[in-house]
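So this one's two forms of a single chain, laid out as structure tokens and tagged structure 1 and structure 2.
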Structure 1
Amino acid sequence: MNRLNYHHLYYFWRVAKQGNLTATAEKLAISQSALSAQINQLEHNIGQPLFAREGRTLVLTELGHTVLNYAEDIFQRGEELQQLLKRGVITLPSLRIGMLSSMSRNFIESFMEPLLKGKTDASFRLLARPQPELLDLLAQHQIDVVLTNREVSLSDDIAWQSQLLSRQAVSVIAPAARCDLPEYIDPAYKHQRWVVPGSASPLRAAFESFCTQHQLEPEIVAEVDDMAMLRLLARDSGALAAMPAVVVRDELQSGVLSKRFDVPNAFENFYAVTLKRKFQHPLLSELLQSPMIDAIQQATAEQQSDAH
């Protein structure tokens, strides 16, 4: 491949963002044929098409999406450089955070506390998706970090970097009206109604192992993958629930729900997944080394000590 021509790349970037060759040519004050020729030259140098035609519409190919992501980074950096040279200050780009759609919103909010309280100058974008889609977006440089409660499988092609942020005990949560239930495992728990995580969750396996060990015969009234929905059911169904206490933090503080006890040796792990890059978002490093992470890790160590 010939040396990349950034002039051609700039025209591709403008067309890809606009989605229309004619409209882009008008904005750039050049002819449509000249603009098309610039993009054709870029495709020729790359050796693969970046656009496919669907009727009168230009649609990015898979490679086109990848090139667009890199072009976004390149020209965003260029704009930052212009600001730095002009005013001596630099504006950080938005931090792009992907989160597993089933994760606890309370945990996400705690992680993003420095952003929410305005302790930094940068904005952020939050995207909730299934894990495979989030990892694809991370690999394509469309997001900066993935927050997940599921381990990331090793890959021969991609070197994921996974940092454990928190390890939270799974607790037995009860409505305030069930304060008669003891704060330890007891025969009173043998026949109870429960709302629990779905079968694909590692928390469900821990719950079932706990029930088997103590010969409980739970009546499962609902299985829920989404923690936000599990939180609502724990609050409104009148049933017991098995989940990390952080999920129902506000309800525990207000007295609507109560934590009876922690399930022994049952934890939910929270990870931050990134890719090794030469230029990481500077705000990401601050978040992953924040006092909140230190506090979580200290609490996690105490939980593990108590469990043993």
Structure 2
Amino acid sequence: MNRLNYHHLYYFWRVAKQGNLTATAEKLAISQSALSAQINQLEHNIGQPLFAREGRTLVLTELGHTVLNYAEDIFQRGEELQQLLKRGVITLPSLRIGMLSSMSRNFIESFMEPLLKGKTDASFRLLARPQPELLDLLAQHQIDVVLTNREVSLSDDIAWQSQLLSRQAVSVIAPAARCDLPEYIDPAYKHQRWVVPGSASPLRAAFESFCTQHQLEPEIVAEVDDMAMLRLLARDSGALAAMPAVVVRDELQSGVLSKRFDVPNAFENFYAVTLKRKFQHPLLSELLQSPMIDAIQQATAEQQSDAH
């Protein structure tokens, strides 16, 4: 390998982010043959493939992912420079946050609090998608962080970095009209109508095991994957709900709903998943070490030791 050709690397960066040669060629306003040739040259110089040609699509190899990480650092900084040269000021790029569709909006909101009331002038973008798509976007550096309540499984060629942000107990939530129900498990709960998380959720499993243990025979009115939806149903269906209290924070405060008790040993975990990279978006670094996170983690630690 002679000297790294930064234009080849630039093309690689664009293609790897896009995941598609034809579309990238169009964006770059060159022919796909040219683009293909340039990327081949890069691979040839390096001596190893960056893409695996699977069928008619390009998939990053492990090395490809590594190189993409570097390229991301290099060209993000380059884009910043270009902006500076054009406009005379540096504006931080938006922080791109991906959230799992089914997550609690309240949780997300409190996570982003420093951004909202921030002295920072930077903007952010937020998108809600299913988990696999989020991880794809993350791998391609289309987003900076994924907020999820599902653990990520380790992948061969991508170095995820997963930070536990918070651990919420699952609570039994009742409408105001049912606040006669006791604040502990009791035969009164034996035959009740419930709205519960979807069966894909670990919360649901915990709830089911809790029912079995205490011989509850719940009538499941609705099972819903989406926490925002679950919240509405908890509020409006008249049924009991099993869910993390944070989801209905506002309603608990206003008294529309009331929490009866926590389901023991049932937790929802919240994770921030990022790629292992040298240079993190400065706003993200701020969020991940914000005092709110510390508070949550401390509380989490207490919960855990309480559980003992």
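Just so we're on the same page, residue numbers count up from 1 along structure 1's sequence. Owing to the predicted nature of the structure, the values given are computational and were not obtained by experimental measurement. Rigid core (definition): largest C-alpha set, two forms, superposition within 1.5 Å.
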Does structure 1 or structure 2 depict the form predicted on its own?
1
Displaced residue check between structure 1 and structure 2: L35, CA, 2 Å or over, core reference:
yes
Yes/no, N45 Cα shift of 2 Å or more between structure 1 and structure 2 with rigid core fixed:
yes
Taking the rigid core as the frame, how far in Å does the Cα of G55 move between structure 1 and structure 2?
21.8
